[in-house]
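For reference, the chain that follows is the form predicted on its own, supplied as C-alpha cells.
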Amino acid sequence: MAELRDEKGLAKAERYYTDYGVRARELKAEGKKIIGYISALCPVEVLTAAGVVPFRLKGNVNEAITKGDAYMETIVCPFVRSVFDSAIKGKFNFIDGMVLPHQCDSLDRTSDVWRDYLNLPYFHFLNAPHVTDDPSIEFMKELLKLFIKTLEEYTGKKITDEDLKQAIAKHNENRRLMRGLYELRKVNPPLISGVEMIKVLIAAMGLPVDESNKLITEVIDEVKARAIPSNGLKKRIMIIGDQIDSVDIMDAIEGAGAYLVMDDISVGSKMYWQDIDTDKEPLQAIAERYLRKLKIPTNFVDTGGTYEDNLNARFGHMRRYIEEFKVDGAILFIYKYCDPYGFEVPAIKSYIESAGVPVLYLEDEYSTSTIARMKTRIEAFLEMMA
C-alpha cells in the first residue's frame, strides 16, 4: 500500500472512499484492534481512549441485500439490513468487535442478531436514553462507565480520565478541521463540490482520528489552493437525512445543475458541528454532547417552552445553515422504514418552508437501483425553483 500512502488530499480520500476499509485492514495487520460502530450516537472518544481504532460501518448501495434478509425481516430499515448483509458476507472480517447504540427500533430489535451471528470477540450494546433531562444524563454516565469497563476487560488497558481528555481533544480538533472544510463551501460557487465532500466524509470516518485529522488538513490545503471561481448562477442546495454514505444522490443533485453546499446528515455536519466541553469532567461532557448537542431525531429535546421553542431547539441549526450557506432549496432524503426520521418529516418540512426555502421530500431504499427516478424528481424540483 505504499502507493496509497504517497497520495495526499482528495486523491487519498478518493482511494479510501472507493476501497472503504483499506486502511483498517492495514492497521489490523499491524496488530491494532478495530472496533466497528453504527450511528453518530456512538461515543468514539471512548474507543480512541481505549487504544482501539473506531471504524464506522456502512452498507453497499450498489449491491443487493441477499444474505441479510435471511436474518432480518424486510420491514427493517434498509440501511441496517445492508450493513448487516455486508458484515455477514465477510466484508468487515477485519473488525474485532462492534458497538451498537440504541438509536432506533431497527438497531435495538436486531441487536441479538448482530451479536449472535457475527460472533465477534467484543460486542457492546449501548442502551442510550432518548430524553435529555438531568436524570438521563446521569443514566448515560453510568452507561459510559459500563462501556469503559467492558473495553478495559477486552483490551486489558485501564482507561483513565487523562486518556479520555486526550481523546476528546483529538476528536474536537477533528470536528474543528472538518468545519473548516465546510467553510470553503460558503463561496459561490463552492470551492469543494458535494461529491468531493462526501468522499472526504466517508474516508475520514474509516480512519483513526490522527490520520483523519491529517487527511482533512491535506484536503483543506489543496482546496484552498484552487483558483477562486467567479460567481455561479446555480441553485444552492442542502441535503437532510441520516447516514447518506455514497456519492450517488450527491451526484444526482449536482448533475441536475445545482450546487450542493451544505448537509444535515449523520456522517456530515451532525458529526462535526458540536464539540465536547473541555472544562467539565470527561464523562459528564461526553454524556451531554451525545444526548443534548447531537441533533438526531431520537434525542428528544423539551425546552419546557412553547411548541415553537421546541421546534427551534430541534431544527434551529438548519435555519442557521440556510442563512450561512445561502441555501436556495432543501432535499429531505429519508430511507424507507426509518421511523425516527419519518415522524420528523412534517415538522422539518414545514419549519424550513416557513423560512421561505422550498423542500423536496424523497423516501427511498438504501440502493442505487432507483436513482433514475430520484434524478427525475430532483430535476423537476430545480426547474420549479428557477
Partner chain sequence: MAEEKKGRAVATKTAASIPKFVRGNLAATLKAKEEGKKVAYAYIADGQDEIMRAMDIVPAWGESFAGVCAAKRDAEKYLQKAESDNFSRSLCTYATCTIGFDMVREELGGGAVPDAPWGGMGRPDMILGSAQLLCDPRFKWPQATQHYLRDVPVFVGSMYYPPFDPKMDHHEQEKFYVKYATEELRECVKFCEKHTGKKMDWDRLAQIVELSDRTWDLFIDTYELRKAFPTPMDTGDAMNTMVPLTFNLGTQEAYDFYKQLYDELQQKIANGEGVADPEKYRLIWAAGLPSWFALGDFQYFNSKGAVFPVEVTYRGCEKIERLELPKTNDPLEHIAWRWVRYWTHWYDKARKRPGSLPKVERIIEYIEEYKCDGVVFHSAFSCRSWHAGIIHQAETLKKVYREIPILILEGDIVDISSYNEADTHNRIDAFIEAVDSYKKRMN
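Numbering follows the first chain given and starts at 1. What you see is a predicted model, and the numbers here were worked out from it, not measured in a lab.
Unshown form predicted in complex with the partner chain; subsequent notes refer to it.
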- Query: Contact between H124 and the partner chain in the model of the complex at 4.5 Å, heavy atoms?
  - Reply: yes
- Message: When the contact criterion is heavy atoms within 4.5 Å, does S354 count as touching the partner chain in the model of the complex?
- Response: no
- Message: Against the partner chain in the model of the complex, would R115 count as a contact residue? Criterion: heavy atoms within 4.5 Å.
- Response: yes
- Using heavy atoms and a 4.5 Å limit, would one call E14 a contact residue for the partner chain in the model of the complex? no
- Note on the structure: Partner-free chain; cross-checking the partner chain in the model of the complex, the single residue of I265, L207, C104, L164 with a heavy atom within 4.5 Å is C104
- Message: Only one of K326, K33, R319, K336 gets a heavy atom within 4.5 Å of the partner chain in the model of the complex. Which one?
- Response: K336
- Within 4.5 Å of the partner chain in the model of the complex, counting heavy atoms only, one of 278 to 286, 197 to 205, 241 to 249, 74 to 82 shows up; tell me which. 74 to 82
- Message: the partner chain is absent from this chain, but in the model of the complex, do G9, D19 and L233 each have a non-hydrogen atom within 4.5 Å of it?
- Response: no
- Item | the partner chain in the model of the complex - contacting residues of 350 to 386, heavy atom within 4.5 Å | S350, Y361, E363
